[in-house]
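One chain comes next, on its own, written out as structure tokens in the form predicted alone.
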Amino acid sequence: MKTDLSPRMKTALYGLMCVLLIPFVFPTWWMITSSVKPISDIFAFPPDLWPRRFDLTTYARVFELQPFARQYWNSAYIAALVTAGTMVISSMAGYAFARIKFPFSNAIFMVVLLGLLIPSEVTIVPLFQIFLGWGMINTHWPLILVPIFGAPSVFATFVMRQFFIALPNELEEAARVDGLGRFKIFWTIALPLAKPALGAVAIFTFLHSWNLYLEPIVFLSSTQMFTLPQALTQFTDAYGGAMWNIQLAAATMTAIPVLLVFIVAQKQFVEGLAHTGLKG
């Protein structure tokens, strides 16, 4: 039975939601406002919610102290390639595990899932030795190949498998009657229906690649090759101290694509989790 809340209850509920929102919004607000403050004002107590003085030169200095535009491009194209590659691999693997019957499929899938239990710190040294032998150190290849064929792709495969399992068998049976083969069924029927799950996979994968930190500091040594998380640690003065306002300006520009991706794709993200049984 559906009941409508009274205006007083609605006001109280909205007020409670606004209070609960503060711990999540305040750090972002502090980052943005502190990026245009002089360093002396950043750690003032009590903190200023609005800058007393605006210093927009911090954003220009980000590009003067580091090849930030190049580093921004590095993160953008790596994240795009990793997202596209992971969506291709995980959708095909998820469909195979969900819809194609072959010996020991469930056992093989459980072995694949074990990849989620292995920390990246455990495999980073063997991977370094492999890519060193291939001559790929200080290139972006490790940052592209490892996520596509590593743990992020395993999780994406799990999400896609859960979605494809829920598809009615009648769809495939009707397609076979029309003479469609296995790949044609996947490409023309299953994959278009999987847009919500693909949206969730795309967001998870993009965020993981965009925020990747351990692998870049292991595989990359040239500032021209750095990605954004690694570049953010380089804004220091002559004594090694952090240049806080410039770091926060760079961090603000780094966070923009993440916010845009989630705002644009949040509907697909929520629908994807709902269809795969991963709701909180």
Partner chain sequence: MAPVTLKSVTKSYGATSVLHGIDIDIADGEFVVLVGPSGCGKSTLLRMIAGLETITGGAIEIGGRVVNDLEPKDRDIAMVFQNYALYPHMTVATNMGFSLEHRGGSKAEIAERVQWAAGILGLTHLLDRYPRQLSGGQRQRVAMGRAIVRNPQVFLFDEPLSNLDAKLRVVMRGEIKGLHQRLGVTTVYVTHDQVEAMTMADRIVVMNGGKVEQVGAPLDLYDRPANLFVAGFIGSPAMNFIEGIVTNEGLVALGVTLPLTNSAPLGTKATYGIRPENLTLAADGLPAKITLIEPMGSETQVTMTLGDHTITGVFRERIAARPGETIHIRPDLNAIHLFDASTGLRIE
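The structure presented is a predicted model; accordingly, all values stated were derived computationally and were not measured. Residue numbers count along the first chain shown, from 1.
Note that the form predicted in complex with its partner chain isn't included here; everything after this is about it.
**Q** Between the options A76, L193, A84, I137, which residue brings a heavy atom to within 4.5 Å of its partner chain in the predicted bound form?
**A** Checking each option against its partner chain in the predicted bound form, the one that comes within 4.5 Å is L193.
**Q** Using a 4.5 Å cut on heavy atoms, which of L113, I165, I189, L132 is close to its partner chain in the predicted bound form?
**A** By the 4.5 Å criterion, the partner-contacting residue is I189.
**Q** Given that the partner is absent here, does A175 sit within 4.5 Å of its partner chain in the predicted bound form, heavy atoms only?
**A** So A175 counts as contacting its partner chain.
**Q** In the predicted bound form, does A80 have a heavy atom within 4.5 Å of its partner chain?
**A** Output for A80 is no: heavy atoms all beyond 4.5 Å of its partner chain.
**Q** Only one of 198 to 206, 68 to 76, 155 to 163, 178 to 186 gets a heavy atom within 4.5 Å of its partner chain in the predicted bound form; which is it?
**A** Only one stretch passes the 4.5 Å heavy-atom test: 178 to 186.
**Q** Residue by residue through 132 to 171, which ones have a non-hydrogen atom no more than 4.5 angstroms from its partner chain in the predicted bound form?
**A** Residues within 4.5 Å: E170, L171.
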